[in-house]
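One chain follows as structure tokens, the form predicted alone.
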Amino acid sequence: MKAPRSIKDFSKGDGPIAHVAVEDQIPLPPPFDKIEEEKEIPPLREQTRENYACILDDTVLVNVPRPKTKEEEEALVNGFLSGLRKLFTPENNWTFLQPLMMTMEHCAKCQTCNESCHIYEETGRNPLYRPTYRSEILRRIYYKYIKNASTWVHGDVDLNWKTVVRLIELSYRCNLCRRCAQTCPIGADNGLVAREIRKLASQEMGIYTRELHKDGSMLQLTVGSSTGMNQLVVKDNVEFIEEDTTDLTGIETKIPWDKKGAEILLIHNAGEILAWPENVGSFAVLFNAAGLDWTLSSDLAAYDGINYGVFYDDVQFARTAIRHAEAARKLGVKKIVLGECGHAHKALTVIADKVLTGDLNIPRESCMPILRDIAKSGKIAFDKTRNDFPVTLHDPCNLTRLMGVIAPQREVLKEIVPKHRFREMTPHGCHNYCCGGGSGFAIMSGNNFAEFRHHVFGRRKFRQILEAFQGEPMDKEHPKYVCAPCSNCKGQIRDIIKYYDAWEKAGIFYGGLVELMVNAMVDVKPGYIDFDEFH
């Protein structure tokens, strides 16, 4: 079972309509090239199938209960149509109406975007995962119910509860990396379509993933961080980071809080504080050594650059973005600088332009140019030989493709890594492939979604990593470093390495950019990056 024979079949049948088979996938590079040794995606539990509408493919993410009555079926259809009408009105969707309508009405159906999609390719070119598939279904519904246009001209699809549930679930089979939009000759944005379907489901129907909404956006707005850390807990954690960083580097490390009038308010992804404290410590070492005037904020939500609303809900996005700006205004800082988190860059430096006005429109920028300036300033002495191991660079989608921040991180690597040790991925820069954890997937693991994520979404990135290191000894006695300057990407790459046992089998390690910088500092005790501690 590859996919429905035609789009009209999308609304039919009781069970899943697609399956990703290992034998249909392209083998990975050595030493992972034996397709017969690859894991199958484990089946969903029977209880999950009974409770939820598991009718799309091998996994389920949004957990829509299977309707039990005709009234429940009609409620799903009517709620979807109500939200769809709002998507195409300026008063309800002034943020993204123009590019959405352009994509709906001007797609030439040339399918050029197919070859750009890592998900389509890594599922064995399963038609269900083409970038245009979900867009075409929504397009037919749009023309039929919003435009009242001819189905003979624009095509038809039955709009029943199965269509609605499958379309919402299918919107979560896209990393929102927008590589398809970059490839499209006219700029049609099928990634945006997937995101707008998610928004419709959330804002109109109350359908969303638990990880993005309840355990993500809402937790951040009520407690202070999507990690669950309140203001006291985050300060305690950062105090431990100061102590550990001082011990590891031999340099007294202090991290300032709530410093009024500072030039920079640095906002980390709070996941770094819990999962990768060395990243937070590295920023402190570098900023202090460079003599920068900076601070963190302990205000609610302001110590966590996460903004999961950007993936599924405009209202939740705006609430969080405003909190970040209010914290900066309260401290009177000159600018906000985002740490190593790609979607935080996208949220606060690009999309926030639509909601931050007046005195909330505080300058906001990426940390990458600042790190480049630090590396080239001469204020810190670096010894490249401390990073004398193969290094490749992952380009986070939101940092590179969306914002065009490509050169600074490479200029940093030139200062801290021996030239012959750097391995550029192919393709790279704005043509990169998503890590597979984009659009929030890196934090999602319900049911069997984690296995599906690694086996499908993350497979192309793992392929790229292996290709970059071909020719190197593939064992852990010869460690190889994947530099991923994004918290979400690091989480996904960590999980891919674990899923494929790539540390034990190939010696593949991962981390951020600032860790590499501190590892190369002459004034830091050798061995800041400890490969022996990796597991």
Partner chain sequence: MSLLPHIIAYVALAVFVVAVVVRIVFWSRMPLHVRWELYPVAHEGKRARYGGSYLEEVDWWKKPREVSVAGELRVMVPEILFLVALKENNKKLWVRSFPFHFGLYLVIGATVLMMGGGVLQAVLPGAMGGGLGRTIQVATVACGASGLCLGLLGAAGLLHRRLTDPVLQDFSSPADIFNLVFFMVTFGVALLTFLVVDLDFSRVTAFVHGLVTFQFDAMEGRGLEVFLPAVSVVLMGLLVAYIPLTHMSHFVGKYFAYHAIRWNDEPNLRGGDQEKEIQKVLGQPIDWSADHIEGDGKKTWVDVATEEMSK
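Residue numbers count along the first chain shown, from 1. This one's a predicted model, so the numbers in the text were calculated from it and none came from an experiment.
Separately, the form predicted in complex with its partner chain exists; it is not shown, and the next lines address it.
Visitor: Based on heavy atom distances of 4.5 Å or less, which listed stretch (440-448, 196-204, 459-467, 280-288) is in contact with its partner chain in the predicted complex?
Guide: The contacting stretch here is 196-204.
Visitor: Within 4.5 Å of its partner chain in the predicted complex, heavy atoms considered, which of C184, V165, C117, V417?
Guide: Only one option qualifies, and that one is C184.
Visitor: Which residue, T249, N237, T112, Q231, is the contact with its partner chain in the predicted complex, using a 4.5 Å heavy atom cutoff?
Guide: Only one listed residue qualifies here, and that residue is T112.
Visitor: Taking heavy atoms and a 4.5 Å cut-off, does A275 contact its partner chain in the predicted complex?
Guide: Close contact is absent here: in the predicted complex, A275 is far from its partner chain, nothing within 4.5 Å, heavy atoms only.
Visitor: Tell me, yes or no, whether W94 is in contact with its partner chain in the predicted complex, where a contact means a heavy atom of each within 4.5 Å.
Guide: W94: yes, in contact with its partner chain in the predicted complex.
Visitor: Taking 4.5 angstroms as the cut-off for heavy atoms, does A407 touch its partner chain in the predicted complex?
Guide: Contact check for A407: yes, within 4.5 Å of its partner chain in the predicted complex.
Visitor: I'd like to check something about Y129: if you look in the predicted complex, is any of its heavy atoms closer than or equal to 4.5 Å to a heavy atom of its partner chain?
Guide: Contact check for Y129: no, nothing within 4.5 Å of its partner chain in the predicted complex.
Visitor: For the stretch 356-383, I need every residue with any heavy atom inside 4.5 Å of its partner chain in the predicted complex, listed N to C.
Guide: Going through 356-383 in order - heavy atoms within 4.5 Å of its partner chain in the predicted complex - the hits are L356, T357, G358, D359, N361, I362, P363, R364, E365, P369, I370, R372, D373.
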